[in-house]
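Taking the form predicted alone, here's one chain by itself in structure tokens.
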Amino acid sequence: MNTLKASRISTAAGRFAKLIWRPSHLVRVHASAPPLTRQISMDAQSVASRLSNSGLLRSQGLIGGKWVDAYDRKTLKVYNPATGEVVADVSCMGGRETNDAISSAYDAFHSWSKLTAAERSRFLRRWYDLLIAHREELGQLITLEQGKPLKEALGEVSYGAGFIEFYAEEAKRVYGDIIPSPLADRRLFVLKQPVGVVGSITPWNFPLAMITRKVGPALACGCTVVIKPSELTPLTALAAAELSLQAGIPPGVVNVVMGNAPEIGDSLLASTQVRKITFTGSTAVGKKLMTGAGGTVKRVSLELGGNAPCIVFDDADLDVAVKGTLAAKFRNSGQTCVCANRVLVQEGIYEKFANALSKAVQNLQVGDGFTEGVVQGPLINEAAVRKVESFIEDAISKGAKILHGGKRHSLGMTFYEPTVISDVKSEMLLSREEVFGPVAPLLRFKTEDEAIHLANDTNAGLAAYIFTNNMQRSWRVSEALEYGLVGVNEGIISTEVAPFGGIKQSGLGREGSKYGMDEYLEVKYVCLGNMNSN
């Protein structure tokens, strides 16, 4: 490798200043990052104080347009994963509160669904405008309770708000059909109508975007929602709900309950007024929800776990492959369902790629998300760190080798070193299960067919990535991969205008794009007879 190319690759990361996430592209930031100790304008305490003064730091649930405490006054603590400090105590709700939220959504559905598409569109547009107007505060709130770097959090706000904007526009494009009748005296047509009340269960890794990606199309179609955010990150959901009220969205259309997850989930599943469940989270929980929804034959949309392969062929541009792998693997500290979980590298480029990726990863700055230049924050909690450690131990015991990282970061808490590990085999946990941490496992392959076989040898089927300069190969492999999303020479592929979802045990349905509207609509056929009678 020539010196110039090696230099470009070694700085490709540290400059992960280059890889700050935005909805559909990478945003370039100046490469000369300030020292790790320099703090962004305010610390966590001042952020919390400012949010409280703005009215966006909410601690109660939202039911029928009113902020309410848990009926038994129980609370749960929300922690800053970077410091371990308590950010807020929020209401810990359960079945009773959820049932009231469902009733509120059911009552509101009758009027909300009767509004014209243009009227619903205007409400959504005002909500979008408020999300963008409060982008800084929302980004700070995400960093405060979830831990991701502030610039990445701001990117999530833009991405999440984009779904509200997109579906404000799509609300006016729910079209039916006129079907040519085989009989002269009949007229046949198709209507699309809202499903009804939707239970939306969302995860902690994208506390805003996973809500707006579900709630945007639901409201656009005329549905009402009961949102159950993660207990680890409820504050962003509550802030977004507050802005929905400020946008004028009527009481009961958007409800938020958080706390006792089993009770809330059971109430949503048992209610005959809830006609759909939409969920992003683990495959294990998704299976339980799918089974539970059968009791009342609810519709379900499931965006579940992944085991994404990132395939680097011999003919790939090494710079592009390293940059794309960094983005696909280390965004949000590896805590995304579309993260590259296995990096499959063709033997002709394996050593060069392993060396280049390791050098790039060495430059990733780890720290509190409010610190300038940081591109990797903490893992969400201690359990997440222990999981990563167990996967690493399993791999090493079976012959894998640490090229960089491989242990807790010197910062302590739940910080973990960005890690590259080589000589990984298919039987290791790193290959079989989702690590959900900043670990890039490198597997070697010889042929295109072998790469496809290794990539598809999993029950998951969410995202996959390919790096090649061969156009024919990119088509062949994209078609052969059993995944709902495929990125070719790109590590960041999510956008509100394209469908997002998996196959196999990675889920059902699609979110985003025009296809996301179909998940919240019923198709009704109407036959008008005796049309030739006087």
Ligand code: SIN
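Counting begins at 1, following the sequence as shown. All figures in this text were calculated on a predicted structure; none of them were measured in a lab.
Another form exists, predicted together with succinic acid (SIN); not displayed. Remarks below refer to it.
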One stretch from 345 to 353, 95 to 103, 189 to 197, 210 to 218 that, in the predicted bound form, holds residues within 4.5 Å of succinic acid (SIN) by heavy atom: 210 to 218
Of F313, F445, Y159, F415, the one that lies within 4.5 Å of succinic acid (SIN) in the predicted bound form (heavy atoms): Y159
Among the candidates N80, S301, T336, T224, the residue which, in the predicted bound form, approaches succinic acid (SIN) to within 4.5 Å (heavy atoms): T336
Interface membership of S358, succinic acid (SIN) in the predicted bound form, 4.5 Å heavy atom rule: no
Contact test in the predicted bound form: F391 vs succinic acid (SIN), heavy atoms, 4.5 Å: no
Residue contact check: T419 to succinic acid (SIN) in the predicted bound form, 4.5 Å heavy atom: no
Non-hydrogen atom contact T280 with succinic acid (SIN) in the predicted bound form at 4.5 angstroms: yes
Site test, R331, S494 and F500 vs succinic acid (SIN) in the predicted bound form, non-hydrogen atom cutoff 4.5 Å: yes
